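In structure tokens, the next block holds one chain alone, the form predicted alone.
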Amino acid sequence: MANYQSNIHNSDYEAEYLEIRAGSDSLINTAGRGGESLNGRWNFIPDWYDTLRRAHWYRDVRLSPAGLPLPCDWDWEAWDRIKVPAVWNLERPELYYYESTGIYTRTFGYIPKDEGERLILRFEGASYRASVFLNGILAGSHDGASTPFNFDITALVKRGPAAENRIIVAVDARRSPYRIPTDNTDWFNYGGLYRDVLLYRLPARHIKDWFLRLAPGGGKILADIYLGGGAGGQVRVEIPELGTVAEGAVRDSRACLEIEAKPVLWSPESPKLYDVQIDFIPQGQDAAPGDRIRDRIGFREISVRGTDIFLNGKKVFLRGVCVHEDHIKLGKTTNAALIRSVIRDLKEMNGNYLRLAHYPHDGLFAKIADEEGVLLWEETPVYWAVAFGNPPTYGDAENQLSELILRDRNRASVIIWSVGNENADTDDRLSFMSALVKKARSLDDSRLVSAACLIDHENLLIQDRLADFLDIIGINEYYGWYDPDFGKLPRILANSQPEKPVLICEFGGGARQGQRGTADDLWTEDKQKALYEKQVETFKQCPYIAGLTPWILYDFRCPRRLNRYQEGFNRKGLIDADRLTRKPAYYVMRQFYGEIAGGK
């Protein structure tokens, strides 16, 4: 046995890479900071057998102890280059359905700008598990395809004018029943470094995070500032347009301030944002340099009373639609122009609200929604048959939820955190998801918490034990489609007597763009249109429905959809996958939302 490499016999090779994990505890809020982009062309190769981690390729050992050359199975610079950010599925035809590990590598130089600065390597999204190495040493690993993570690489980086630092990232896109999301979903499982990769330079003592929101009842802004690097000193928060300045002492790496202010409240009609500057001033004349961040933040109130939702004290009906982060050319990668086109299609439908399904979308979305005046539901992929009784699976879900909230809790557009979608009402599920609700509220008490729950289809009423823990009850229903007996829907709504607002998070039916026929013919635009007309007429009669998000704005890829009309796409979109061609049902929703917006 000594004559063979030991790694070929090690079935538990992943364990050593999970000893250092990036998570919400180490996450640094990088909003308002200037980062140095590492996007571009990276060397890449599919690692079918995960040999980089099995055989420790990242150590780049090329000589034996006696100094003799060794045969190496890797060759960083000889590998073809691939675009970052991008999903590998759309970069090379042979990788379209690839779901194993891909190796990314590139080099960068580093010259410190200030003595004692911390160098932070930031990933906005890597699907699903990423193990990151710098100069032959493990920086750490991260689980979760759609939330940001970072590593402090200060101790690993080489310095100087001639320095060359090699980053290697092993991205594992495998599906598993113990991951979040699980192995069975209803969307395409894209893989890769599909969001931005950046370097940030921070002072040794720095502002790690901040959370600004309107105090209940208004008249004050609450500011919680969190410091990293064992910081002690003062924090100063300034909102120049309001003429407000507040200072406070740092205690246990945190400062809590109350700022007297009456800002113009953010709303879809008036998406007012304020420039905010936060300074950290270290103690003593000989203290290390301070830190400063700038952000643009809106202030608003969201609440529920009875079965109604109130924005800034005014009753609001959420005129929305669901949307996946899926594009026919870019896959799960997005950009500002694409996000603004989604918002344009929503507004032309007279909408004011989007459900970003079924995982955290790019953080850029909430920033642009702040500017454009769009309300958002954001959620984590606790989706379908999760391993609710498995503690590591819960840890994965809680961490992804925490990373999402920490990333976006300063975005006024986000009004609802969702802890999951369409999960069977079991004891394990109730314990799992109610704990997520508690976690969400511990991180952010200024927003509403919901989940897309299931209807009791046997007794025909809205009934889910999780609803007791939620601020808003979300339900998905497809009467007239998966259940042809549409008459059940009005009976369900009549039988139910919720004491909280209800959002219809999903409804609708499939239609191949251009497929025509009668209102009884499946997959035709005519049946989809007729179904939408029946749905909205039914919703009009129900006083406790506080908003709608039909499924879905655009057709999107889904490998489980394999009939002649779908051909690998979910065709329930109101707009074709080309994101240009609108189906007749789109105009049904536009008219309905226009009537509501006009107060008719």
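The first residue of the shown sequence is 1; numbering continues from there. Keep in mind that this is a model prediction, so the values were computed, not measured.
Missing here is the form predicted together with a small molecule; even so, the following discussion is about that form.
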Contact residue in the predicted complex, chosen from Tyr532, Trp42, Tyr58, Phe556 - any heavy atom within 4.5 Å of the small molecule
Phe556
Pick from Glu506, Asp370, Glu403, Glu378: which residue has any heavy atom within 4.5 angstroms of the small molecule in the predicted complex?
Glu506
Verify the flagged residues Ser303, Phe310 and Tyr353 against the small molecule in the predicted complex: is each one within 4.5 Å by a non-hydrogen atom?
no
Counting only heavy atoms and a 4.5 Å cutoff, which of 60-68, 46-54, 541-549, 565-573 contacts the small molecule in the predicted complex?
565-573
Given that the partner is absent here, does Tyr479 sit within 4.5 Å of the small molecule in the predicted complex, heavy atoms only?
no
With a cut-off of 4.5 Å between heavy atoms, is Tyr383 one of the residues that contacts the small molecule in the predicted complex?
yes
Going by a heavy atom distance of 4.5 Å, is His358 a contact of the small molecule in the predicted complex?
yes
Using 4.5 Å between non-hydrogen atoms, is Arg561 touching the small molecule in the predicted complex?
yes
